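Encoded as structure tokens, the following chain is the form predicted on its own, with no partner shown.
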């Protein structure tokens, strides 16, 4: 195993016209799975390609453990790769396809066969072991591509959106397989995706990217519950965070914070599922609103729009909530203070305890 360290890493294209990755310094922990998550064009694939040796950095260095691999060609970096489209060898059986990278290793034939059998079992491919790989469906071919990368037992494996082009009927199956696989492997894994559900399901850490930079890197639960920027709060979640601007809604912001708004706070944010709603009349610290459109959300919940002047607050309600059936009625909403995040004019999180002192 090995960690992956980036020091001042940057990449520009078109003779300095397009900055794809900006001065990154961070470490991907040894033996962990890190998802590079972000919108299209944020630089996540370029970053992975530099780690793989498929792109040469404009600035900075890449280390695998203590080894500087910045200028080392891909074939000498001892890593496995799985791409968006499953790369398979036509005419080969599943067993033969998985074993192809092992031909160059100076191992006894029995040892190679045992390694292939091990990953076939690990990925549940036993029934396809002797089938022509190019005759399988897309999800099973991608499993074969994953198995081939794992069989090499390289210390690092890179995944470039491997589920994106899999048939929708098989995506959930493959995601479950990868989750189980990652929990067993000891390799350092970097997984590129634009799908937050994949990242939240598969990652030990998520590195959220925006405009070539890392917006925040943290375990999924921490990233979701304690976003360090407005972008992180907005990007994660379905829907993302609610934001109340202090300038246009000072009274609402103060109510959410349970008192006065600390100096330097320009917005407060909170998740729709953390909004508490009552129809029982005015309550201390609650904000009055009109219940607007109500629709079904995931998990059988209701997604309600709460209207207060020009402010719209989204709230997720239990499926059996009586409030969800009374559109147009007056309600009162609040948020537990421990679920509230405050942000400054740079859209970065503010520690409320420090702000009050």
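On a predicted model such as this, the values are computed, not experimentally measured, just so you know. Numbering follows the first chain given and starts at 1.
Beyond what is shown, the protein has a form predicted together with a small molecule; the following relates to that form.
Undergrad: Heavy atom within 4.5 Å of the small molecule in the model of the complex: which of 318, 31, 292, 41 fits that? Just give me the one.
TA: That would be 41.
Undergrad: At the 4.5 Å heavy atom threshold, is residue 14 in contact with the small molecule in the model of the complex?
TA: Taking the distances in the model of the complex, the answer for residue 14 is yes, it comes within 4.5 Å of the small molecule.
Undergrad: Can residue 18 be called a contact residue for the small molecule in the model of the complex at 4.5 Å between heavy atoms?
TA: Residue 18: contacts the small molecule in the model of the complex.
Undergrad: Heavy atom to heavy atom, is residue 46 within 4.5 Å of the small molecule in the model of the complex?
TA: Residue 46 belongs to the contact set for the small molecule.
Undergrad: Just one of 307 to 315, 33 to 41, 284 to 292, 59 to 67 has heavy atoms within 4.5 Å of the small molecule in the model of the complex; which?
TA: Of the stretches listed, the one contacting the partner is 33 to 41.
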